[in-house]
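One chain follows as structure tokens, the form predicted on its own.
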Amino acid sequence: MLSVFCYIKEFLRPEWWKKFLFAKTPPLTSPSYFRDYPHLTGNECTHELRCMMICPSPGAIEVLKTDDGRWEPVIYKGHCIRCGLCVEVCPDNVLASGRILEQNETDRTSYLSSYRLNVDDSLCMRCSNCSVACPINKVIDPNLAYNATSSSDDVIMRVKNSKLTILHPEKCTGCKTCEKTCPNGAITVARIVEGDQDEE
């Protein structure tokens, strides 16, 4: 019985009616640290594709060429999980989200990327399609013949001693032309990204 009187007493308070009838919700604003979908900063993209490389969500980001010939990352919000890794990994700060760029600058952190070429000898038939099609090989050895009998050891890969040999994986740009041209799927390009911190 006592509780009923307490409720009635509470409901009769003018302050209660004021709060009940004129309740207001504070305006919804995103805090500065909120990681929203990445957006363009206006910096020029140099087409290193690190954003696509590190993205854990397939189909969330793609770097496309615009009508005026510039490269530009496009975020597909239906796939993006807003992890912000594409923002962190970009060396040109093309994308931004929340305080990621500010925090990277404060912590002096960045990502280093490289590529690893893997050849499955049981599938490779030494046709040399990969080494001939490789755009970097073409620049290094313009005379690279159809059968890839290049004598230069400066190329990324070539058939050497009757075996496809990876000579300079550090020159790979990750274009995956070799993968696409291999008829047997014998060569694959793995993208490797490592975190780094400048201690100076």
Partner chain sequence: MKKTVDVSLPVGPVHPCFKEPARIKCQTTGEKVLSAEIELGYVKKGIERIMVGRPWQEVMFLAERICGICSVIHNMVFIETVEKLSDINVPKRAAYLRVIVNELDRIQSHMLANYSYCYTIEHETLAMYLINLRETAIDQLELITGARITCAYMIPGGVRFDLKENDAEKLSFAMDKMEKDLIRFTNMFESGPLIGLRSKNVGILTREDAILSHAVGPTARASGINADQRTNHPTYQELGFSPIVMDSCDSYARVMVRFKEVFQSIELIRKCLDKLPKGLIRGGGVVTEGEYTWIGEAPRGELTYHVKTDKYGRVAEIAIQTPSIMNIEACAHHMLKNVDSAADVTSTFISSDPCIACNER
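Positions refer to the first chain, counted from 1. The model shown is predicted, which means the values in this text are computed figures rather than measured ones.
Just so it is clear, the following notes concern the form predicted together with its partner chain, a form of the same protein that is not shown.
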Specify the contacting stretch among 51-59, 136-144, 154-162, 65-73, defined as having any heavy atom within 4.5 Å of its partner chain in the predicted bound form. 51-59
Could you tell me if all three of D120, R126 and A186 have a heavy atom no more than 4.5 Å from its partner chain in the predicted bound form? no
Any chance E102 has a heavy atom within 4.5 Å of its partner chain in the predicted bound form? yes
Contact with its partner chain in the predicted bound form for H168, defined as at least one heavy atom pair within 4.5 Å: yes or no? no
Please check if R13 has a heavy atom lying within 4.5 Å of any heavy atom of its partner chain in the predicted bound form. yes
Under a 4.5 Å heavy atom criterion, is R35 part of the interface with its partner chain in the predicted bound form? yes
Do any residues of 38-53 have a non-hydrogen atom within 4.5 angstroms of its partner chain in the predicted bound form? If so, which ones, in sequence order? none
